[in-house]
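The data below hold one chain only, encoded as structure tokens and taken in the form predicted on its own.
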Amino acid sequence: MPSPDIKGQQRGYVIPIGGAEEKIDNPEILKKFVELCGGSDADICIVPTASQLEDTGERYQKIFKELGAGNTHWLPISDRNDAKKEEYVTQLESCTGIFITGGNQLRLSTILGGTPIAQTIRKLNAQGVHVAGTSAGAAIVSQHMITGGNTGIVPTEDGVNLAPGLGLINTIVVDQHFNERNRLSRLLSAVSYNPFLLGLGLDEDTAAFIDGDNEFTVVGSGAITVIDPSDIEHSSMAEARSGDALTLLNLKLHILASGSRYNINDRKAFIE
């Protein structure tokens, strides 16, 4: 389920980023995130669990400070015991924004899944705290998380691997490094299971700023590929054998560059 609705409160933004976001020359995405979180009043908590590089948390902490965030800190969560520590939950509860770094999304799901940290992230997002994630951190924001799959264009029966994500939003499935790593086939494979899901393929240095009404704006130098299967007439997934190419009839596809908008509930794309 998505972050639970709380009466009288608007859900915070959910911001999946396609990875390799610009950090120096024109850090448009990270700057907009800092501004959303309060600028000089922002308190941003970084979760670098997906990364196995020791300096990831400190590096983003420095970046956000340089972009004007009033306070930044990071949580050194490297195993499930860390994700149960009360002091880390307390640090999360004081923040106005949460940033989940890239790395290995299965580290995120296996370490954070079902823990007080994961529960707190969901609760805070429902209360209005903004949650952004890049690369692996983008994949885990949805309920259904892509963990691997085939490259190329044609979807296949075994073309994608899925695992449970954080479930901040349950109507989309996110893929990242999309154009750069030729991942159309695995996103098509993911949406072929059930037309309830909307597929978002995020290019590098590109983000979807999804507001509390499930409408998003594209920010960054690339594009977002939106796969809408809501009017699909046929998917051969149920009859396909391992490795078979899939037949998918009447899919809708949008390519949205910076400034474009999309309403997830209405399945409508538009430009400002």
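What you see is a predicted model; the values in this text were computed from it and never measured. When you see a residue number, it is the position in the sequence shown, counting from 1.
There is another form of this protein, the form predicted in complex with a further copy of the same chain, and it is not shown here; the text below is about that form.
*Asks:* Decide if the three candidate residues 53, 56 and 95 all line a further copy of the same chain in the model of the complex, where lining means a heavy atom within 4.5 Å.
*Replies:* Not a single listed residue reaches a further copy of the same chain in the model of the complex, so no.
*Asks:* Though a further copy of the same chain is not shown, can you say which of 197, 89, 184, 111 has a heavy atom within 4.5 Å of it in the model of the complex?
*Replies:* Filtering the options by heavy-atom distance leaves 184.
*Asks:* Can you check whether residue 252 is within 4.5 Å of a further copy of the same chain in the model of the complex, heavy atom basis?
*Replies:* Within the cut-off, so yes.
*Asks:* Please run the contact check for residue 248 against a further copy of the same chain in the model of the complex: heavy atoms, 4.5 angstroms, yes or no?
*Replies:* Residue 248 belongs to the contact set for a further copy of the same chain.
*Asks:* Hey, in the model of the complex, is residue 179 touching a further copy of the same chain, heavy atoms inside 4.5 Å?
*Replies:* Because a heavy atom of residue 179 falls inside 4.5 Å of a further copy of the same chain in the model of the complex, the answer is yes.
*Asks:* Spell out, yes or no, whether the shortest heavy atom distance between residue 20 and a further copy of the same chain in the model of the complex is within 4.5 Å.
*Replies:* No, residue 20 sits far enough from a further copy of the same chain in the model of the complex that none of its heavy atoms falls within 4.5 Å.
*Asks:* Determine which one of 209-217, 222-230, 58-66, 37-45 lies within 4.5 Å of a further copy of the same chain in the model of the complex, judging by heavy atom distances; exactly one does.
*Replies:* Careful reading of the contacts points to 222-230.
*Asks:* Determine the residues of 188-220 with a heavy atom within 4.5 Å of a further copy of the same chain in the model of the complex and present them in sequence order; the list may be empty.
*Replies:* Result: 188, 203.
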